[in-house]
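There is one chain below, alone, in structure tokens, taken in the form predicted alone.
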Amino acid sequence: MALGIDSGTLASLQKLRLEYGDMVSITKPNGRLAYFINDAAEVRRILTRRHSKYHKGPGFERVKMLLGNGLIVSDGDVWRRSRRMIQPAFNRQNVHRLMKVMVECCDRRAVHWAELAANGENCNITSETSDFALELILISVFSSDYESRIMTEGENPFAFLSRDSTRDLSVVMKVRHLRELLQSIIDDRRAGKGSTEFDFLSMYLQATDKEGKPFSDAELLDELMTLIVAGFETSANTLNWVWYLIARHPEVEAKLLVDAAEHLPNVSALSAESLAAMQYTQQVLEEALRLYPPVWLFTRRSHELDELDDFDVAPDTDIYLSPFILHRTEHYWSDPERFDPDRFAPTDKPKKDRPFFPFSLGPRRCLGEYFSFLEMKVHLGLLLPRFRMQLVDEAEPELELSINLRATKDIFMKPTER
């Protein structure tokens, strides 16, 4: 059975689960042994307690072409060193310092959406959420260097990342140009030029390993590209689906408006505490991530012997884990295709027990998870009370199953000011 990162693989894995259950042994065309694992306990064990027995699996070649050997792609000692160096940048105190940027990016969207509404024009919500998230992560990384060094030609040179999902050889030259641009900004920062404001680049430049060594230029470039791509795609795709789901469920929209009115009645009320109190908004985001996890398929390859309940895992075995399938498996989630944010209402049961891993689990869990939830809460809390979005086309969007889960066609909406 051929397995890649495409719609055919999803169909194959779904069929295997229906026929054989949640633990399936597969022989690939090249003779390599593989397992598809949809058992929640085994998934958790592989990603947490047994994570050291596995490296990244098949399908990461295209990611590596774009990101180099950054945190998402690297393994072993290289990954551990980078993770330790980068982790302090994402502590909550640092992320909270970037909330002003989140508000400013929302304000710019609001001005544009008000113009569209006044002119009776449709809003391409897919493009809008991508532009919002990309602008936000770039300003969070480069602060004022974003305007003075990146946007000098009017068009965002990173924009193709949100427009082109192929991640094939056609992007190599564009990526090379971006890396040259980033290198020039790094050179200036190291020379004491450029922005002196707080941003992710300043934190990455200050980071050192246990021996006191900073990132080399090559390492820093890889980690910056990883941060930019991962930092906008997750939030952009999730917000795209959230606006779509809200438009389909007016009862959810009504509760979100109550949540925003109570905790975020105006911009001056915005704080880490007020955002944390927006519990229903958090539930909506988590339910959207359940249905549309940004990375729909994780792969691992064993590099030493492991044991699962039903199988021995020999070295060099491929493992396939799909949040998309697990999140829609009926014996873990009742009526799994239904959008129901109340699934994530607070209960006595610990959150960690849920079969839910849109940001992965364990040591490789996404460092930017808190940043992403914060920016999405700011986005919804400030923009939804100002604009009502109606779907132009009620048809359910088809899925583009590449590295990230997207809609095959952009989603258009008609905005009106409330």
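Residue indices: 1-based, along the sequence shown. Note that the coordinates shown come from a computational prediction; the quantities given were computed from them, not determined experimentally.
Keep in mind that the form predicted together with a small molecule is not shown, yet the notes after this line are about it.
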Tell me which of 148-156, 231-239, 314-322, 183-191 has residues with heavy atoms within 4.5 angstroms of the small molecule in the predicted complex?
231-239
Picking from Leu227, Leu220, Cys106, Cys123, the single residue whose non-hydrogen atoms come within 4.5 angstroms of the small molecule in the predicted complex is Leu227
With the small molecule left out of view, which of Leu391, Ala40, Leu367, Ile26 would have a heavy atom within 4.5 Å of it in the predicted complex?
Leu367
Every residue in Phe60, Arg83 and Ile137 with a non-hydrogen atom within 4.5 Å of the small molecule in the predicted complex?
yes
Could you tell me if Phe387 has a non-hydrogen atom within 4.5 Å of the small molecule in the predicted complex?
no
4.5 angstroms heavy atom contact with the small molecule in the predicted complex for Phe132:
no
Is Val295 near the small molecule? Define near as a heavy atom within 4.5 Å, in the predicted complex.
yes
Does Ala260 reach the small molecule in the predicted complex if we count a contact as any heavy atom within 4.5 Å?
no
